[in-house]
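To begin, one chain is listed below as structure tokens, in the form predicted alone.
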Amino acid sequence: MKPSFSIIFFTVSSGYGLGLAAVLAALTPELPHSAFLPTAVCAMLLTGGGLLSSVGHLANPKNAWRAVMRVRTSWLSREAVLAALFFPLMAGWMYYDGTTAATWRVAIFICALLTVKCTAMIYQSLKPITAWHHPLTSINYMLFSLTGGGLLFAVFTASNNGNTATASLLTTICALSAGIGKILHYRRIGAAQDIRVGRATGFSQAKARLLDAGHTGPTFLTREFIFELPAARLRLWRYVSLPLIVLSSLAGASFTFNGSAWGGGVCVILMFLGLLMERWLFFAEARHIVRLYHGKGPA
């Protein structure tokens, strides 16, 4: 699949924001009262920035409102509705200063995590892309979101001399779990994408092969669904992105546990860069089955 920066930035930025909102709702008593508003505003800005970026991916942005019209059948619509609900919930929580109100906290915690889940399900539900069509897709999205949110929460807490023990521990657990989950994803991705023409067409009586691609130049399908890079280059991105995410998260948790907000802040930026690389790879390595009908992939 062709990686699009607007979608990459959207999933990373909104994942950070929604993860921060979920952790903020769960660990509100751990955060000094003076840091509540800046943390909540940061969660809204990250989420809003990501959503605005996603609009840039639309061929016709003025039709974005149509994304909420198919809630019963579309994960994209469910994501749009939940994201739209997230902002008034956060605004209400901030307006009423409900830092300890259980109802607001539960509602925001559920809404934030469900929005991340819906984002992941947009990709996981796509059967033609076998690398994505697996529960690890949504598990990894959730874990990366909670890792980033936990680390940001720990930074805000440390900068206000709060107790960072719980947030640092949460960040460490989520970072290690996310690393293991991503390694499992990489292990299955090669075998899962070994799709051949015979399997794709369902014809099993003889060896099927493509005689002609049916076009002489690039088409919309070949531009959007076929993205080719050397395997060695893709492996290099794996070796850089995943260690960068996990190690920066663990280092950030260690810094904030010891009360260093600046060290944690630098690690937040490094993890953000690592997630941008990981998400680019998520798209670059995905192989849509339509490539077989255009002469790409094994026979």
Partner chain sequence: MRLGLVIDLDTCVGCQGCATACKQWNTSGTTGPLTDLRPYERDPEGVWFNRVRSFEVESSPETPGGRTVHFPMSCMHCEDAACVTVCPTGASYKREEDGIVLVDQDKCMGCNLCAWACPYGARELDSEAGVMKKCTLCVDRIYDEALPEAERQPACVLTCPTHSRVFGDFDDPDSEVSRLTRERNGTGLLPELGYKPVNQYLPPRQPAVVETKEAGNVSDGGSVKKWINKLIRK
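This is a predicted model, so every value here is computed, not measured. Residue numbers count along the first chain shown, from 1.
Another form exists, predicted in complex with the partner chain; not displayed. Remarks below refer to it.
You can rule out all but one of 88 to 96, 179 to 187, 153 to 161, 222 to 230: in the predicted complex, only 222 to 230 has residues with a heavy atom within 4.5 Å of the partner chain.
Not displayed here, the partner chain is approached by Pro218 to within 4.5 Å at the level of heavy atoms in the predicted complex. Taking the partner from elsewhere, Ile289 is found to have a heavy atom lying within 4.5 Å of the partner chain in the predicted complex.
In the predicted complex, Phe109 stays away from the partner chain, with no heavy atom inside 4.5 Å. The partner chain in the predicted complex comes within 4.5 Å of a heavy atom belonging to Tyr123. Shown here without the partner chain, the chain has Met1, Ile7 in 1 to 24 lying with a heavy atom within 4.5 Å of that partner in the predicted complex.
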